[in-house]
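In the form predicted alone, a lone chain appears below as structure tokens.
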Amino acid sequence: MRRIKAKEIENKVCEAALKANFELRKDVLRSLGIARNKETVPIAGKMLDILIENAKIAKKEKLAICQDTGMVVVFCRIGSKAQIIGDINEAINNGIKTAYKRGFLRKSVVRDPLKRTNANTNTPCVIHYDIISGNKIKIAVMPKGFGSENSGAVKLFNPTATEAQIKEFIISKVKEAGSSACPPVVLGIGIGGTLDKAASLAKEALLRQIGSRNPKKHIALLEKEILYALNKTGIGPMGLGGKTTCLAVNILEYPTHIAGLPVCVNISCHALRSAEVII
């Protein structure tokens, strides 16, 4: 059994939160560059230039990539042979608190969803735990802005629903979001499980590298078809028109009940931010 102090987790979470807010993921930046190279609509090309330059300045100057520094979502995978000395919930939240104070990042979390009083710490964050093999802890920190988060949706389809109906639902949500989700977007889609599982899968799917595919051929094909359809909508970067409305479609699936077919769409703006650490 490997012993890991909560303080070490706190420090690593702080580092990851700062990196996620200051440094756009390499796969996202690369994908924006690819989109720019194939763009023929002048105003769309100019907007992509601005997004790429913004990311470069943020990294160099240690500034927030986006003014909406999000509500932080953490995926924490704990090795079954790792023993945590201390309170891991407290450690993760303290790491976020420290990062948002140290980095002068906007604090957007309210204590109560109805009373709306700002917590002034950007905590608590949303934490998903999973137990894995081994003696290490793997933590992914994702600051999720709400311009795109508000455009997400879940639908509990009948089990007789066709792939065409599922595609129509997903594509319609991106069209409805339009420029409010700050395209070009990345789609995380969860299919199966229960309502809450589908939502969790959709969020987790955003961690997958852009350009990768679901290992199941029929789901990989569905990803490609949705991506193609979205990039034919003409919404384009920031809703200004152009060839790239969506950078990637990532689907995660899970077994489900014979009577149901939950589908969740979680949209990320062009500033898909996350950072991972292994302890």
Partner chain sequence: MQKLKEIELPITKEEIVRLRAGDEVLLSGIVFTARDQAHKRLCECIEANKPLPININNSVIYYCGPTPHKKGKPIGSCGPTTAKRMDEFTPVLLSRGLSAMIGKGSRSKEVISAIKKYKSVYFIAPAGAGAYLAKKVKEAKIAAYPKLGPEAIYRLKVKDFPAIVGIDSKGRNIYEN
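Positions refer to the first chain, counted from 1. Quantities reported herein were computed from a predicted structural model and do not represent experimental measurements.
Just so you know, the form predicted in complex with the partner chain exists too; it's not on screen, but the next bit is about it.
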| message | Looking at S80, S172, Q165, S180 here, can you tell me which has any non-hydrogen atom within 4.5 angstroms of the partner chain in the model of the complex? | response | S180
| query | Of A64, I219, A229, L29, which residue is found within 4.5 angstroms of the partner chain in the model of the complex when only non-hydrogen atoms are counted? | reply | A64
| query | Looking at the partner chain in the model of the complex, do all three of C14, G152 and A202 come within 4.5 Å of it through at least one heavy atom? | reply | no
| the partner chain contact at T69 in the model of the complex, heavy atom, 4.5 Å | yes
| query | Any of the heavy atoms of L51 lying within 4.5 Å of the partner chain in the model of the complex? | reply | yes
| Close approach of M47 to the partner chain in the model of the complex, 4.5 Å, heavy atom | yes
| Contact label in the model of the complex: Y129 to the partner chain, heavy atom within 4.5 Å | no
| remark: TL;DR on 250-258, 235-243, 221-229, 208-216: the one with heavy atoms within 4.5 Å of the partner chain in the model of the complex is 235-243
| note | Applying a 4.5 angstroms cut-off on non-hydrogen atoms, the residues of 263-279 near the partner chain in the model of the complex are H270
